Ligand SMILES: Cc1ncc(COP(=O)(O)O)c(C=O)c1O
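Taking the form predicted alone, here's one chain by itself in C-alpha cells.
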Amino acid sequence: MPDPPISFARGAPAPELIPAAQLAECAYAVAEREGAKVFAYGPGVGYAPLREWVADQRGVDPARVVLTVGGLQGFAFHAAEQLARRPGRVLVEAPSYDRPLKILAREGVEIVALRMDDEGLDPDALEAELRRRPEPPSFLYTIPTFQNPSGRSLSTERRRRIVEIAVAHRLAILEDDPYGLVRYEGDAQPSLLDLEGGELVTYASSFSKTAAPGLRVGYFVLPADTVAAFEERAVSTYISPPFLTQAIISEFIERGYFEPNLARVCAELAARRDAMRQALERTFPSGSSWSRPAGGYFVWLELPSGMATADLLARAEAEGVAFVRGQDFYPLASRLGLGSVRLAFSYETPERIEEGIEILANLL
C-alpha cells in the first residue's frame, strides 16, 4: 500500500501529539462526577471553572471571559458585532490567516492588508492607513505571536508602539493568540491585552494547539461592556455551548496534565521545525528565503524571483506533497503572495518532513 501524501498544508497537530488516553480519562471522570449538568443547556458564556482558570492566567475578571466553539466562531461573532455599520473596513496583516479573510469577505467588508516583515506588523503602515482615511476602521485583526501563516512574531517594541497608536486613534484590536504557548525558544512577550489593559483589545485563544483541536474549546477575553452582546449572539445562535468538552479541558488542567503535555508538544514540534529548517538550508536553491519561527506551526517560504506557486503546487501534489499557496493568505484579487508558500511542520514526522522538502527542492 503506498504511503499517504506528505502534508505541509495541514495546520493541525499530528494524531500522536494529542493526549487521547488522558482526555478519555478526563471525559469519563467529569461525566460520572457531574452527570446531567455537563449534558444539559447552560449559560452562554461557558463552563465556570474553565472560565475562572483562563481569567487567572490572563489576570482579568472571570466575567470578561467567554468560552467559544474554537477561536474562529468567536471571530465570526466579534466581527459581526463590530461590523454593524456595514460596509465596514477591517485592517489585517499581509499575509493573514485565510479563514477570517473569508468570513470578512462573506460579510462584504473592505479588507485593508498592512505590510509586515520579520518583526511582524509594521506600525508605520498602521499609522499611515489610519491617517490616510478619516473614517475609523472597525478593528485591527492581528496574530502577533508565531503568526499563521508566516510564523513571525511581533517584537516587544512594536507591540508597545501599536498599542500607543491604537489608544491615540481609539482603534479596537482583535488579538488572536492560539500559538503563543507553543514556544520552543526565547522568552514570552507581553500580549497586546497586557499592554493596553482590555478596553480596546479583545484577546482570543484556544486549546486546539495545546490539548486537542477536536474538542473545539476556545475563549475570548472581552472588554467588559461587550460581554452581554457577545453572549446574546451566542445564545441566539446555538442556545448553549458544549459543556462536556469544556469540562474535559478543565479536568485535564485540574489533574495536572496540561503543562507536561504542553512541554511534550513543544519538544516534538521543535524537532519538526528543525528538520524543516535544516532540509531547506540543505536543499533549496539560492534566491529562496524563509521565516525562522521560535514557535508555532508554520514556515513562510519565498521562492526565487520569478517563480510562482500555482505550477509548483500542481507538480508537488503529483509527487505526493501538499502545501498552501501564499496568495491564499491575502485578500482576493490583491495579486500578492504569488511567489510564496505556507509550510506547516506540525503534522508530519521529521523524516517525512525531510523527504517532502527534498521533493519540493528537486521540483524547483
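Not measured: the values here are computed from a predicted model. Residue numbers here begin at 1 and follow the sequence given.
Not on display, but discussed next: the form predicted together with the ligand.
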(request) Please determine, with the chain shown alone, which of 280-288, 267-275, 101-109, 204-212 has non-hydrogen atoms within 4.5 Å of the ligand in the predicted bound form. (result) 204-212
(message) For the ligand, considered in the predicted bound form: do all three of D122, R158 and L200 come within 4.5 Å of it, counting heavy atoms only?
(response) no
(message) Please determine whether D176 contacts the ligand in the predicted bound form, using a 4.5 Å cut-off between heavy atoms.
(response) yes
(message) Is R216 part of the interface with the ligand in the predicted bound form - any heavy atom within 4.5 Å?
(response) yes
(request) State yes or no: in the predicted bound form, is some non-hydrogen atom of L72 no more than 4.5 angstroms from a non-hydrogen atom of the ligand? (result) yes
(message) Within 4.5 Å, heavy atoms only: does N148 come near the ligand in the predicted bound form?
(response) yes
(request) Could you tell me which one of I143, A234, L126, L222 places a heavy atom within 4.5 Å of the ligand in the predicted bound form? (result) I143
(message) Under the 4.5 Å heavy atom criterion, name the residues of 7-36 that approach the ligand in the predicted bound form, in sequence order.
(response) G11
